[in-house]
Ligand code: GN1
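Heads up, the chain below is alone and in the form predicted on its own; it's given as structure tokens.
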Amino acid sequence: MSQAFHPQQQLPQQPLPVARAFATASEVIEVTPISDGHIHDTYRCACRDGALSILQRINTAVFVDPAAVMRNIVIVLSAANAGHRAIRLPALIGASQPDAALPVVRRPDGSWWRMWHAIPGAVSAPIPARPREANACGRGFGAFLAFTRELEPKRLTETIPRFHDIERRLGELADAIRLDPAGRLSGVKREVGLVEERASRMTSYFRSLGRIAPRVTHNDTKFNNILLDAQSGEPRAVIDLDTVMAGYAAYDFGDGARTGAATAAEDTGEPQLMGLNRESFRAYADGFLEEASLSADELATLPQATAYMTFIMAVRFLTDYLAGDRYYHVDDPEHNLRRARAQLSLVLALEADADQIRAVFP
């Protein structure tokens, strides 16, 4: 989670004392920042006995009800421990001196911290993924959907309201365009135009999802949110459970394909290189469908799912750029603009490949 340029939060200066407030088997002796991801501040912790754990400060500007986030995670982890599954979920480490029912450490400055057991021998897939990794990731995310199939969505709190609702996201973009708080609008006229040309079609697709009963979904299936076995390449664990809540299978399918079957990184500075790796897309889709056990209605939503999730991310990145980088961690003032342009390039590529995408599905 890149921390070089992010005006939203002051970074903690002393994460080691926080790490030592958790009930690790031996003393934490070293804490190292992990510069990956968009939202939280994350650290790798090494213990005296050689064990590793992952420390995170929850971004309470994004997740305004961190207690609800942690309650959801506890519910999902409890369900995971109760039944057979083809994919692991990470395990939390509780506080040494818990002051609440949740496995967290709360600091006097108002910050919320949690710690996970690291999963040894597991690595994230390269992004963009090769077909073999794409298939494994598809199987992993599909297995997560199969695992959560019997979990009642109403048990979980909506941690970010209307998270994948394009009507909400377009409204936020309209506000950012109207106010132009960072004075950046003049440089993104083309990007705004590309969004406006597709807004009606994407809104219609989103509304069509409402005809399907919601289910528990991950809602943030970026390819680096699944871990593969370093030796076999098989899916080992689905991580980053903050947005597990009610949703649609299309969200999880589309976001995984958006990040893993693309020909360039999500924030590439060369958007002309961004496109769809058809071989990786097919491999991902085959793996996902092998494990997910979707209904016919859910299957019918998948051909458009990748374009929808790519479009909504383009809108969100563009909105955050215009707003002055309030939401995502960024490396520099142009980072969100690079992300938005890359995602819009992928939307165009997906439109050009629409026939090939439809042919993948039964």
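Here the structure is a predicted model, which means the values were calculated and not measured. Residues carry their position along the shown sequence, with the first being 1.
The form predicted together with the named molecule exists for this protein as well; it is not shown, and the discussion that follows is about that form.
Just one of C47, A323, V62, A67 comes within 4.5 Å of the named molecule in the predicted complex, counting any heavy atom, and that one is V62.
Screening E266, E133, E191, E291 for any heavy atom within 4.5 Å of the named molecule in the predicted complex leaves a single hit, E266.
At the 4.5 Å threshold, heavy atoms of I160 reach the named molecule in the predicted complex. Looking at I58, you'd find every heavy atom of it more than 4.5 angstroms from the named molecule in the predicted complex. The named molecule in the predicted complex comes within 4.5 Å of a heavy atom belonging to Y328. Interface membership of H335, defined by any non-hydrogen atom within 4.5 Å of the named molecule in the predicted complex, is ruled out. Note on the interface: of 121-129, 141-149, 87-95, 220-228, the segment with non-hydrogen atoms within 4.5 angstroms of the named molecule in the predicted complex is 220-228.
If you check the named molecule in the predicted complex, you find a heavy atom from every one of D240, D255 and F317 within 4.5 Å. In the predicted complex, just one residue of 297-315 lies within 4.5 Å of the named molecule by at least one heavy atom: M313.
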